[in-house]
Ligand code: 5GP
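One chain follows as structure tokens, the form predicted alone.
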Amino acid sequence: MKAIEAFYPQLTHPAKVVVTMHQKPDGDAMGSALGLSHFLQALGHSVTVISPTNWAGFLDWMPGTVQLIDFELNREKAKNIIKDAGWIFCLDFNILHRTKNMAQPLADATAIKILIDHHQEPQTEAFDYGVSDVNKSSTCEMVYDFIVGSGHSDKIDLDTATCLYTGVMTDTGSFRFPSTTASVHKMVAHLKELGLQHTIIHEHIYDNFLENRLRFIGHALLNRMDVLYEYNTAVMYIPKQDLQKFDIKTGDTEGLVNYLLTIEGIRLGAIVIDRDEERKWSFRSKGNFDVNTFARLHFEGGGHANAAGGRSSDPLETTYKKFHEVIKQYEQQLQ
């Protein structure tokens, strides 16, 4: 994989471009993809954004989602667009299988593939150009760096700024995580100078849910949470019947794991959700407990040092029991 700076000269030559992100995209994945697409269109490129799956309804307000293609719902159309593309930008993931059923079409594509991502252990052989920096707060910050570094910061309009701010805000926990560096604040200052209205973005992301989600959260905290004080850990399980009872949609469980870290003394929070095809784990930690390594070793996952995900094909009860057994190995590290 060549350094992304080597790709800059090609930006002035119009191309057919696909921009994509990981399955079930969050604010950073969606923000970086849409933000980059607005920028590339301003440069004169023909751009299509394709999501591997559906996305949370609270992201629908973002500029550009109307044109967004859901691969699962439009497979043949999406495959043809991928096949015809000259460039494919891969954002907020660094291993092709994180695009689920899109992985093979991406692997087969003859287009130039460009990676922009901040997760650990990238599949570098899958990409022609790219940048992978685990010290960056978000992929949106990296897209901003890409725009500025390529000498085209004058192309950042309000749509681009809105999308990029969304991803930085969500991936930094509204700017409270350690990844919120001085460069993040400088970026936000620049976007504000361009006229960005940040309050409405916060409202769209955090104040835009139905009543049933709040009742679901209350139910989960009351009935599905175990606190393991001997390991400074809190863990939660969500059975499928809870998702059905409260009519939980994609995105409604976003951020639920973070509640666990609000308990005094808790250094590791974990939640497992019973999905149709698999059990999905989310891990969050404080301090130097590395949930990326934890997820990779025990739950077929990975991510960042303090935020990672995993999966299991085992039944909910089995994988939940496994967590309780595995955590015993980390008693000293979690003290």
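The shown structure was predicted, so the numbers you read here are calculated from the model rather than taken from an experiment. In case it trips you up, residue 1 is the first one in the sequence shown, and so on.
What comes next is about the form predicted in complex with guanosine-5'-monophosphate, which is not displayed.
Trainee: E300 versus guanosine-5'-monophosphate, in the predicted bound form: is there a non-hydrogen atom within 4.5 Å?
Mentor: Contact with guanosine-5'-monophosphate, yes.
Trainee: Just to confirm, A308 within 4.5 Å of guanosine-5'-monophosphate in the predicted bound form by heavy atoms?
Mentor: Contact with guanosine-5'-monophosphate, yes.
Trainee: Verify the contact flag for S285: yes if a non-hydrogen atom of it lies within 4.5 Å of a non-hydrogen atom of guanosine-5'-monophosphate in the predicted bound form, no if not.
Mentor: S285: no contact with guanosine-5'-monophosphate in the predicted bound form.
Trainee: For H119, is any heavy atom within 4.5 Å of guanosine-5'-monophosphate in the predicted bound form, or not?
Mentor: H119: contacts guanosine-5'-monophosphate in the predicted bound form.
Trainee: Counting only heavy atoms and a 4.5 Å cutoff, which of 31-39, 62-70, 277-285, 49-57 contacts guanosine-5'-monophosphate in the predicted bound form?
Mentor: Heavy atoms within 4.5 Å of guanosine-5'-monophosphate in the predicted bound form occur in 277-285.
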